[in-house]
Every structure is written in C-alpha cells, then in structure tokens.
Ligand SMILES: Cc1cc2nc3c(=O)[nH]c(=O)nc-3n(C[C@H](O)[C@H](O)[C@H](O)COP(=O)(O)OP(=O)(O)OC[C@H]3O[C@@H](n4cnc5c(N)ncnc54)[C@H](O)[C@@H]3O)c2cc1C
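Just the one chain here, the form predicted alone, laid out as structure tokens.
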Amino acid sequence: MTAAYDLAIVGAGPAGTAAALGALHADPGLRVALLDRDDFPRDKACGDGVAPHVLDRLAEVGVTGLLDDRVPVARLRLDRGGRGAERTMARPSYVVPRAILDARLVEAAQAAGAQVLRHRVRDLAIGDGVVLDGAISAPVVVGSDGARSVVRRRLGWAPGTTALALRGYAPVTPGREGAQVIVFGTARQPSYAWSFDRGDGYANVGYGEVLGDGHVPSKTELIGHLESLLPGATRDGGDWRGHHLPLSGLRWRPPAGRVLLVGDAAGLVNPMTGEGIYYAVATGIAAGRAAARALADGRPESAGRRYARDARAHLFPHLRHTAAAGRLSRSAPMLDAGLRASAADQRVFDDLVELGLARGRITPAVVRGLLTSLLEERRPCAS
C-alpha cells in the first residue's frame, strides 16, 4: 500500500516550500506532501543572503512579514586587490541563517495545507504516476532536493559547471559591521570570499571557487583562501560546512513530464555570485502553479511542459545575461573594470546588484560603464 497525494515534493528547502505554496495558493484543496530527510529547524550550508525580490515572490503566494524581525543590510562592499566599490543598495537585503529561514518557510507551507513528512527519498518509479520508494505516490512530483539531487540523477539529467564553497559563522570583524562584503580573488579566478553581517554580532563568512581543473580543494585550503582575502574573518569561527553549487549556464531546458526540477536540483545558481535562493523560490512557485493547473485539467503529464514554458519565460533572458557575465568575470581586467564602474556610477552598481541577486540583465548603463572604465585604464598618462 502507498500513501497517495496529488503532489509530492522532495526536499523542503526554499524551492520545495515555494512549490507547495505555489500549488496550494492556486488550489487550496490539493493534497500536498512535502518530504525531507531532516526535521526542522536544521542547518544548511549557504551564504544566507536573502534579496528583497525573494520576499516579493513569496508575497504573491500569501507569505508576508517573514523577516520583519530581522535586521536589513543596506551596504554592499565589493573589492579586489584593495580596489573596489562600497555603496548603499537600492533595496536592502537580509542575512538569515537557513536554520531560521527554512523553518519559517516550512511553517508557512504547513499553514497553507501541506503535510510535512520526514522521509529520505532514495528512488522513484515513473509510469502512469510517480511512486517514491514504493511508499508514496502522486501524479506529479517536484524535485527540490538540492545540489546532489536524487530526483535529478534518477532522471539522468546532469548539471553543468560546479563551484565549491565553504561557510562558517564568526564574530563580525571591525570595519565589516552592517555590510555585506565580497572580496574577489586575485590568484584564482573566478573566486571570492565573503562576510555578511547577520545583525546579531556574528557574520556568515565563507569562500568559494569554480571547479574545473580536476583539483577539489580541501577544507583547510578553503579556510586559508578565506583568511587570505578577508584577514581575521575566521577568528573564533565555527559551524564550517562545505557545499557544491551547480551553476546555471546559457542553455536551460528542464525535463518535461510528471517530474519537475527546481532550484539547485535544476542547476540554477547564479554563476557570477553563487546566489540561488531567488531562483529556488521563483522556480518553486512556477512549478507548484504548473502542477496545480495540470491536475485541474486532468492532464498531470503536462505539468513539466507547462512549468518549462513559464519558468523559461521568467528566467531565460536573465540566464543568458548571467552566463555572459559569468564568462566576463573570469577575466581579471573585466572584473576590475566592473568594480571601477560601480564605484563611479550608482546606476551601474544597482544594475549589477540586480544581475547578481535576482533577474537583472546587462543593461546599457553597465555596458557603457565597462567600456568607459576599460578605455580610461588603457589611456596613457600625460607626462
């Protein structure tokens, strides 16, 4: 005997809870199972940055006031080799440990009607419906089980380029209070270290780099790179966790059918910044809505096609621009030009923040700023 649901969601992080919220907002009568191998609250390796755009999307499915008790962070500092930009962002972000954020989202999904089950999915069988581990069945399943997604592997769908990052928590070091600080590497490219003030005396600190030459850095190496770029950031630090980041690319074609992939499981992490929570929530909501429409029409097999159409319409132009930006950021002169242009022009700064945190694009202002900066750098100095 199997437990039957209308929609089963594998993974109860931001992507999975957003899928539940999207489906139940469209049809509150759906039987939605939200499965996760852990109880909540639980920790999760992440930079913990939550852009305001995430809250905009959650408000569309009835979740408001989620972070009203958290301290917003308005300042962003970008640096490479001692040169960079520090400005106030057009809209402040939040730094929220995933132990807090994910638990609140699970509670919101439960309040909307989702049934949360502790269950580690190891296999799925796809036929006229989908059966998980021979125990749970549903006509539509959403895979939101992260970078090492079991659902994705079962579909035979492989992500592209991967980055590796290490995160910990440490007391905020002097000079980095009230800000999100990103320092790009000078020896390894692309790479960067970060210190994000949580607002409670501690910061989320970490370091990440793109993998590609066959070498996978150790924990000791990652901490060493972090300390080199942000001296003092690791002092009295703890809760070190490593995690893989499946970076998005120019082409993104989610699989069709009854099984949908969202967030990290779908290979959606910004290649320029490592940001993934906006993509998780945006694709989760789109998947939940698509599943609800497919079920209402009596055609659950159409859920994947509906989701692919809607998610690509929302994200595809942005993904083309982030793919281009990711390639450009591998060039040290281009990265330096972007930092100089951001220091010189608030609009360039704001547009690059949009590109890195939500669904922005490479705007004419960014192009002009980059070209101007490159030309000025190459112009010979007057004797």
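All values reported here derive from a predicted model rather than from experimental measurement. The first residue of the shown sequence is 1; numbering continues from there.
Below, we refer to the form predicted together with this ligand, which is not included among the displayed structures.
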Under a 4.5 angstroms heavy atom criterion, identify the one residue in Arg289, Arg152, Arg98, Arg258 near this ligand in the model of the complex. Arg98
Given 68-76, 274-282, 218-226, 296-304, the stretch touching this ligand in the model of the complex at heavy atoms within 4.5 Å is 274-282
With a 4.5 Å heavy atom cut-off, would you call His119 a contact of this ligand in the model of the complex? yes
Within 4.5 Å, heavy atoms only: does His243 come near this ligand in the model of the complex? yes
4.5 Å heavy atom contact, Ala23 and this ligand in the model of the complex: no
In the model of the complex, Ala343 touching this ligand (heavy atom, 4.5 Å): no
Residues in 54-86 close to this ligand in the model of the complex, defined by a heavy atom within 4.5 Å, in order: none
